[in-house]
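What follows is a single chain, given as structure tokens, in the form predicted alone.
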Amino acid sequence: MIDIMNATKYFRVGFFGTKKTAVENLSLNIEEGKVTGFFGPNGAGKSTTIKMVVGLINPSGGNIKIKGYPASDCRSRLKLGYLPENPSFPRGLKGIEIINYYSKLLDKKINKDEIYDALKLAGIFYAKNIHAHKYSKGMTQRLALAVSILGDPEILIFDEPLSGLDPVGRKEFKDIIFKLKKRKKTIFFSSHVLADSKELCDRIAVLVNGRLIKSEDLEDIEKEAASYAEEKKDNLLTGEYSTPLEVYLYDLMLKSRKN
């Protein structure tokens, strides 16, 4: 569904325009009907990659295609829904007014029932008549999610969808992803929370310092993690990263960041 081929992105920063590479020679395939988790520490280049995929920025090199169309081609986004990391909406508009506005931007006939279904699935239907600037972080995330699933897109791309949510909000948001997964949606989401890996993903990709260091099916990575945990069973971490998969991914990112 999504083919990222040798994608590179650099920016010019500072007074002298020093080149800073955010993503380097990234090749990654997002398979149809699967949930692919894109993991890495803050500043790894995950959001930059996602912005290239959805066409918000152009790669400095390489190619990205969605269903055979270049990411820069508007046709590539006809079946794509996008949830940004920090969604925001205009003040003074109610939730229902905002989602109605976005429904009109799509080149589709979306009726009232479909709009209500999106709000209900996102768990924000109850607040549709509240002004969006009064929403909490979790409510804003839910409204943005409802916008992203308008028109029943085949591909859903979420940038840090669980960031900043409380435990209840995280659980409820994960349940929504499970529902979308049952609908055979192709989901690509980024996160730096390793606990999300086993719960949500069919496939895991790990990015560190703009470079892809791992991309495999969850089952295969779990086997590697089990072997790794057995090798260092006397030195396993306690606390936040305690399962074999979390320890393996954490150590993998830590070693790669040092190199």
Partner chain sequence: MKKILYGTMYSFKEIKNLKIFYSFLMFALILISGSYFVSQTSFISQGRIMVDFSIFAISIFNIFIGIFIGASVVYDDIEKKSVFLTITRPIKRTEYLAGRFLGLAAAIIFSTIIMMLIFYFVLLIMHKFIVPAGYFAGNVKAKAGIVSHIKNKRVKSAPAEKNSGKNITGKLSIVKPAAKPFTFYSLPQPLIIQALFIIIESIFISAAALLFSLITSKALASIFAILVFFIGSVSSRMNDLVKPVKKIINGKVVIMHQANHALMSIVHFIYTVLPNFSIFNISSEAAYKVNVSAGIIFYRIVYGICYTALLFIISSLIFARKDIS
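Just so you know, these numbers come straight off a predicted model, no measurement behind them. Positions refer to the first chain, counted from 1.
Although it is not shown, the form predicted together with the partner chain is what the next lines describe.
Engineer: Which one of these stretches, 161 to 169, 179 to 187, 121 to 129, 81 to 89, sits within 4.5 Å of the partner chain in the predicted bound form when only heavy atoms are counted?
Structural biologist: Residues of 81 to 89 come within 4.5 Å of the partner.
Engineer: For a quick test of understanding: in the predicted bound form, does each of 203, 228 and 254 have a heavy atom within 4.5 Å of the partner chain?
Structural biologist: Negative, none of the three is within 4.5 Å.
Engineer: Would you mind picking the one in 112, 104, 134, 137 that has a heavy atom within 4.5 Å of the partner chain in the predicted bound form?
Structural biologist: None of the others qualify; the residue that does is 104.
Engineer: So in the predicted bound form, does residue 54 come within 4.5 Å of the partner chain, heavy atom to heavy atom?
Structural biologist: Result yes; residue 54 sits at the interface with the partner chain in the predicted bound form.
Engineer: I'd like to check something about residue 77: if you look in the predicted bound form, is any of its heavy atoms closer than or equal to 4.5 Å to a heavy atom of the partner chain?
Structural biologist: Result yes; residue 77 sits at the interface with the partner chain in the predicted bound form.
Engineer: Please run the contact check for residue 97 against the partner chain in the predicted bound form: heavy atoms, 4.5 angstroms, yes or no?
Structural biologist: It does: once the partner chain is placed as it appears in the predicted bound form, residue 97 has a heavy atom within 4.5 Å of it.
Engineer: Residue 27 versus the partner chain, in the predicted bound form: is there a non-hydrogen atom within 4.5 Å?
Structural biologist: No, residue 27 is distant from the partner.
Engineer: Between 118 to 148 and the partner chain in the predicted bound form, list the residues on our side with a heavy atom within 4.5 Å.
Structural biologist: Residues within 4.5 Å: 144, 147, 148.
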